[in-house]
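Just one chain is shown here, as structure tokens, and it is the form predicted on its own.
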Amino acid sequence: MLLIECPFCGPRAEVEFRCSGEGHIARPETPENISDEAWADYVYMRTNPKGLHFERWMHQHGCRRWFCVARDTVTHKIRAIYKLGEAKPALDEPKTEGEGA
């Protein structure tokens, strides 16, 4: 089980939280002026990386506030937690076995 550090409540068990998928997705400024294809891309297309991924989470069974998590999708190790509206932290991708020094 993951221990997640809620930026508002402190460390809590993973079962208290809900992951809402990829973070930092900007809504089109004028959705009425974009094509159906561009709108579909905004609504449905997401990255699915092997490694570092920036996600939105909510403390569902706690303060019910949203925040961002930088998590490794292979190891599930949480690399950073920060509040909505803050910039992505500059994190290096960890080297995997066989990638050189």
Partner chain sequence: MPERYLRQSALAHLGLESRAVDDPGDAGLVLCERAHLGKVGLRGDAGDKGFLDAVAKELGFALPLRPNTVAAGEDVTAFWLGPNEWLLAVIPYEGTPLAEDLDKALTGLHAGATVLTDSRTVIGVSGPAARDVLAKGCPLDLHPSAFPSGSCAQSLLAKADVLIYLHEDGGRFDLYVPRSYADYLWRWLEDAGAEYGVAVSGD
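Numbering follows the first chain given and starts at 1. Bear in mind that the values here come from a model prediction, so they are computed numbers and not experimental data.
Another form exists, predicted together with the partner chain; not displayed. Remarks below refer to it.
**Student:** Would you please decide whether residue 70 lies within 4.5 angstroms of the partner chain in the predicted complex, comparing each non-hydrogen atom pair?
**Tutor:** Contact check for residue 70: no, nothing within 4.5 Å of the partner chain in the predicted complex.
**Student:** Answer yes if any heavy atom of residue 13 is within 4.5 Å of a heavy atom of the partner chain in the predicted complex; otherwise answer no.
**Tutor:** Looking in the predicted complex, residue contacts with the partner chain include residue 13, since a heavy atom lies within 4.5 Å.
**Student:** Taking the partner chain as it sits in the predicted complex, is residue 80 in contact with it (heavy atom to heavy atom, 4.5 Å or less)?
**Tutor:** No, no contact at 4.5 Å.
**Student:** With the partner chain taken in the predicted complex, which residues across 56 to 72 come within 4.5 angstroms through any non-hydrogen atom?
**Tutor:** Heavy-atom contacts to the partner chain in the predicted complex: 61, 62, 63, 64, 65.
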